[in-house]
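Listed next as structure tokens is one chain, alone, in the form predicted alone.
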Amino acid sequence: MAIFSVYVVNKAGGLIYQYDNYVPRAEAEKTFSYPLDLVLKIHDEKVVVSFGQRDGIRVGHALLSINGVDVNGKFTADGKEIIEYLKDSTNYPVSIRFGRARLSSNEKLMLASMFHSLFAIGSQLSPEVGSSGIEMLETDMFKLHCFQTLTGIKFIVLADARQSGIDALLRKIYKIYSDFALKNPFYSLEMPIRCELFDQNLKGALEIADKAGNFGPVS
């Protein structure tokens, strides 16, 4: 069981804090000879597999590194276009690592804004007045939990579907936010949270939750 990540979204839908606590590694690395027996394409400034699943490599996986060196989007570490690099037979044999594409900062901002809109839609669709909006979304791999304060700040936790005690964890994160962000004289409301004590206490709370498998009562 694991806590994957934490998001804090302000009342306008802006992402003001994000922390990746645990990112599962679903990656595959293989040495290829020329010609490459996978079909690659550019998607969202990344090189991804479009055809040729094999040995743990799946369609949609992004190219993450070449010969042990991480790539930069659609370019190699030394600035060459990956597609062109892999067309050159003199660069073979080549070791390539594939895996799920990592979210960029801009993508995280966009997803936070989208969830804010979905939360509002959930409230409006309610047959009763005063609905809380979306509190949990469930998939076969993880659950998204959301706690919104009276002032409209949303605390979002992505966790293993089997993880318990998330409601208490969300309220603990809110308490940490109140103690170490709101009470910080240098912090401005609705702005990105850059407080060292907030970071430290949040990581401590997540560590407890990870080790215990649950969080328990808020203290």
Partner chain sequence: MSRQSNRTTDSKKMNAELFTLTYGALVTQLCKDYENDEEVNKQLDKMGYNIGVRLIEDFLARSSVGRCQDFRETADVIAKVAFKMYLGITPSVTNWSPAGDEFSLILESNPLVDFVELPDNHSSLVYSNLLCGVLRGALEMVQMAVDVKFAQDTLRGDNITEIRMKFIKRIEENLPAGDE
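No experiment lies behind these values; they were computed from the predicted model shown. Numbering follows the first chain given and starts at 1.
Another form, the form predicted together with the partner chain, is not on view; read the next lines as being about it.
Contact assignment for the partner chain in the predicted complex, among S123, S95, S104, S113, heavy atom within 4.5 Å: Answer to the contact question: S123.
Interface segment, criterion being heavy atoms within 4.5 Å of the partner chain in the predicted complex, picked from 49-57, 35-43, 66-74, 149-157: Going through the listed ranges, the match is 149-157.
Contact label in the predicted complex: N184 to the partner chain, heavy atom within 4.5 Å: So N184 counts as contacting the partner chain.
E27 within 4.5 Å of the partner chain in the predicted complex, heavy atoms: Flag for E27 set to no.
The partner chain contact at R194 in the predicted complex, heavy atom, 4.5 Å: Although the partner chain is absent here, R194 would stay clear of it in the predicted complex, with no heavy atoms inside 4.5 Å.
Distance check, A161 to the partner chain in the predicted complex, heavy atom within 4.5 Å: Residue-level check for A161: no, no contact with the partner chain.
Stretch 161-183 - residues with a heavy atom within 4.5 Å of the partner chain in the predicted complex: K172, Y174, K175, Y177, S178, D179, F180, A181, L182, K183, in sequence order.
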